[in-house]
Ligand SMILES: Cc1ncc(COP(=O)(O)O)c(C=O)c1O
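Here you get one chain, nothing else, as structure tokens; it is the form predicted on its own.
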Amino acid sequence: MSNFYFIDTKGNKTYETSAYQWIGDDGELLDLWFKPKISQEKFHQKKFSLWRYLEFLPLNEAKELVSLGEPITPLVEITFLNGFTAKIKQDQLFPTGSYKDRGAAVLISFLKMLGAKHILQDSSGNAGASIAAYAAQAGITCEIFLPADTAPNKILQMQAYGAKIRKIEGDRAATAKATLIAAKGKVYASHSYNPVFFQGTKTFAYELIEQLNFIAPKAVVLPAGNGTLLLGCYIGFSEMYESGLISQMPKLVAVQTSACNPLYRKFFGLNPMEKINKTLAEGIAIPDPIRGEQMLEAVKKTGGTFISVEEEEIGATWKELAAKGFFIEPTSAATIAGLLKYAANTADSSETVSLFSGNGLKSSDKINQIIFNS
């Protein structure tokens, strides 16, 4: 057995890594067992990119990495109208326009290492674009399943990379169900099911700690849809904390919207949602995230919390940031609205960090609603 393997989240059954193994034999979710050897000296590599952290990734057997030139994203300090100042990582600057490229670069490199030739994925947004782009770079054919009413500009980006689009009638849940049926016996490059994706998103935590001179922030405010960045950060910060590289675990603060906030409600013991409403922040409008329990556990273990924001707060925050020169997608504005709400209701919100998760060019339809109230 190599120095990494899959392990199910319930019965502790282990599996050798395989491109076809994305779920347990009895339907259990899988995690990746991997314990990288971490030291501050290992951070000082020559590559100024995501691959700076290659030693901390489960790719030691890879002959070739799949890359589109992933940058170390800038960490900028922004002072908001209410006087609050926070450091924001600009992950909207990744090749396809979102932080999902972190996970896609590592997952597709992993699948290529294991010999994958064709993959399936389901996403109506950023994850689909990322997987399609990196599959194209790897020479792997790709099918993307998505709801039939997905915004045309998002479909266009996926098609530009050569992905074959499978439109499914019904909501996001219907799409997920159809994909699971189609994925049996195939390579399912899921950003939610395949735990290797989180090995990519954990690089956000590594970058941030290095940019802060190895001093962990008190809190990190993150979007909470399927939890790919939240869980990746939990893995990354945990690895650094357990190795002694940082002296404290940052609190993870998870942001959802009042239109779709199942985990917020569960965290605070509120009644479940009666219905899902439309939201500007469609990127985190996930009514039943498959790793919801892990997301709740990560937030609780770090002493963090959940924040729910209103549509008006998302729009106002987007406009404030646009006036400062930042053109971000509304889902990013929702996260920053959550940051501002957290700061307003926390005694000491200094040393709090967040991010711009996606580029505004991906969401022109939603931005049109914000600008023209249409």
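Computed from a predicted structure; not experimentally measured. We number the residues from 1 along the sequence you see.
The form predicted in complex with the ligand is left out here; the points below concern that form.
The ligand is not shown here, and in the predicted complex it never comes within 4.5 Å of any heavy atom of F94.
In the predicted complex, the ligand lies within 4.5 Å of some heavy atom of I284. In the predicted complex, at least one heavy atom of T331 sits within 4.5 Å of a heavy atom of the ligand.
In the predicted complex, none of the heavy atoms of S354 sits within 4.5 Å of a heavy atom of the ligand. The stretch from 80 to 88, 233 to 241, 98 to 106, 139 to 147 that comes within 4.5 Å of the ligand in the predicted complex, counting heavy atoms only, is 98 to 106. Residue in contact with the ligand in the predicted complex (any heavy atom within 4.5 Å), chosen from T228, Q199, Q121, T257: T228. Shown without its partner, this chain lists N261, N126, S190, T203 as candidates; in the predicted complex, only N126 has a non-hydrogen atom within 4.5 angstroms of the ligand.
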